[in-house]
Structures are given as structure tokens and as C-alpha cells.
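Next up: just one chain, as C-alpha cells, the form predicted alone.
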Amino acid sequence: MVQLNSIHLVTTCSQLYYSILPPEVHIKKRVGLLTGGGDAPGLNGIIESCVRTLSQMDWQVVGIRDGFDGIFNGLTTEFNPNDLIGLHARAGTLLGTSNRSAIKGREKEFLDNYNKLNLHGLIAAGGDGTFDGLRKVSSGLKIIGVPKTIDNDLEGTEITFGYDTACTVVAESADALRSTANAHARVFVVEAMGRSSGWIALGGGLASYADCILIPERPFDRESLKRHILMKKKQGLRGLIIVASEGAHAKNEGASVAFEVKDSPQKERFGGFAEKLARWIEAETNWEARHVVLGHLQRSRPPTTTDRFLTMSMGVEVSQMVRDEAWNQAVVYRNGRVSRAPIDDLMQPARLVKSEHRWVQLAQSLGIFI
């Protein structure tokens, strides 16, 4: 008969106890990712880049669907990196987005629902509306901001992803329309997005060597524009291309309002400027004119190579910020590099085109009316 002393018995029982336990389960840290506001080419690149990089760092990315709606309603999805391969080449956002839900007045509800998700922090890709909303609850969140708008008018960063793609749509459209403008001896007014800032019209207009560029920051003089158009006609130009922001307007006149949306942060929706200008040109210059509104086509194209490189670099930097616990900062593009900055840098008034900007000077050097 085998004799067991008390020490041997305790040791044997301890080994038996641990041998029947399941292997230790490794719990990954969870970080949320949402896309808010208007969609922009490159959002899917941010998603793929963040998920693929963070998965290498042993983080689980939880996608929050439909912007703030996903927080209020608990709409989430957990990503498998292999399911996202190739996502960067698609327009839109896999997570969906919305600018309908506001945090103001619902701060406690927002934070209560956010805390139920058991997230270590939140990556938010959005524009001024997204960051203004998050500012109201920033004391209760760990946030990393990713600036996003095709308008390129966010302070704190020199360029936003989606802008290059939007300019490409405008430039290619203007180039294509010049062929038919010349064929029919017409003026074409191409209306680009841009309520208060003219970056898209300026960039797309320059890239297409438009004959006129009209932006909100530089209200135009109708008589000067008329003289310019008549001069071009006298010089024998068969077709004329004008690229204009939706918020462009003549001096001492307001922007053209198409309709209003009740209970929206921006009730007045601009539109109709290009059509009105085309009718005015016909009446004043006796030159047949047509208008084209590009609208959401500027958002819906797959991102250009430039925007793909930008979102790839930003996604990797964001992931490193998560790893470094560098919360309440933003990833920005400054001095030719992707870098980090205080998130408050993004929560400033819109960055507008200045009269002395080098692109304005380029246009003037080319003889473009601006």
C-alpha cells in the first residue's frame, strides 16, 4: 500500500485541479471605430488599414454602424481582418454613416450606451460635425480623431482624404464637357460641392484649366465676368468651361438656396446656382449655355492612389496611437507627413480659401477668371 504524506497529497490534488481547467482564454482589448457625417472616398481605406494593423498588435476592432446612431442603438460588428482585404479600393463606408443623430441634449444617454460596449477607446473618422458632437462628451471618452471631408476645409490638417478624389471627378468632368462645348459652341457651367469653401472647385478647376472658377470666398462682379466671357468669344473660343462651387455668388447677393431641411444643423441646402448662371450668360452674352451639377458623384468614385496612400498611412499611425495610449489626439497631414496633433485642432472654424493663396495666383497667371 502506497503511503502518501500530507504534502504529497496536496501537491497531487493541486496538479489534478489545474489539469482539468480549460486553457487560459486570452481576452483582447477592444477599440471602437465609427465613420460619421458625409461619406468620403478613403473611409474604407481607414477601416481596412486600422483593422489589419491593430490585429497585428492583438487588438479587436469593433465597428460602430451608422455613425452616432450605432452608439445610441447598439449597432456594432466585430471585424475579421481577412474579410476586409481589398476594401480600401471601394467608395463609401462599410460601416455606413449618418448625420441625423445629434449628441446635444442626449449626452448621458450617449455615454451610457457607449459604456455598454466595453470599449477601451474610440477611433472616430469624421468632419467638423462629428468632432463638434464628440466634444460634448469628450471628458468621458478616450478618442482618436481622423479628419475626413471631401471639402478639404478642416483646420488642423493641410489636406483631408477624399479631396483628391473629388477634384479628380470635377477635373475629368470638365475636360470631357469641353469636347461637347467646342462641338456645339456652348458655355458649360459645372457645379461642384462647396457651401462656404471653394477648395473642390478651385482644385478641380485648376486641374482642368477651366476658363472661369467661381468660389464662395471670392464673390464675383457680374460685369467683370460678362466682359471676360465676351472677350473669350471675341478671341474665337468655341466653347467655355466655368467651374463653380454650389455656394458661389455675385457681389451683394446671397448663395442660391434649393430647399430647406427641417431640424437640420444646416437647414438651407444650396443648389441651382449653375442653372441660374447659365440662363444669365445666355441673356447677357447671346452665347448658348448649359449646366451640369456633379453633386454626389464627387463622393461616389473609388479613391485615387493619392487618397489610398493617405488613408493607409493614417490608419497605421492611428493604430500606433492606440498602442501608445495616445488618446484625445488626432492624426493629421502636415509638412508632407502624417503626424499627431491635439484633437482640439480639428474643432475650429472652417478653413477657407484665402485671396492670396498660391492656387488663386496660379489661376490668375493662366488667365483664368477667379
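When you see a residue number, it is the position in the sequence shown, counting from 1. In this text, all values refer to a predicted model and were calculated from it rather than measured experimentally.
The same protein has a further form, the form predicted together with a small molecule, not shown here; the description that follows concerns it.
Sole residue of 93, 157, 149, 165 within 4.5 Å of the small molecule in the predicted bound form, by heavy atom:
None of the other options qualify; the answer is 149.
290, 106, 195, 232: which sits within 4.5 Å of the small molecule in the predicted bound form by any heavy atom?
Flagged contact: 195.
Residue 99 near the small molecule in the predicted bound form, any heavy atom under 4.5 Å?
Result yes; residue 99 sits at the interface with the small molecule in the predicted bound form.
Quick one: does residue 296 come within 4.5 Å of the small molecule in the predicted bound form, counting heavy atoms only?
Taking the distances in the predicted bound form, the answer for residue 296 is yes, it comes within 4.5 Å of the small molecule.
Can you tell me whether residue 269 touches the small molecule? I mean in the predicted bound form, with a 4.5 angstroms heavy atom cut-off.
Result yes; residue 269 sits at the interface with the small molecule in the predicted bound form.
Given that the partner is absent here, does residue 211 sit within 4.5 Å of the small molecule in the predicted bound form, heavy atoms only?
No, no contact at 4.5 Å.
Given that the partner is absent here, state which listed stretch (296-304, 281-289, 116-124, 170-178) has heavy atoms within 4.5 Å of the small molecule in the predicted bound form.
It is the stretch 296-304.
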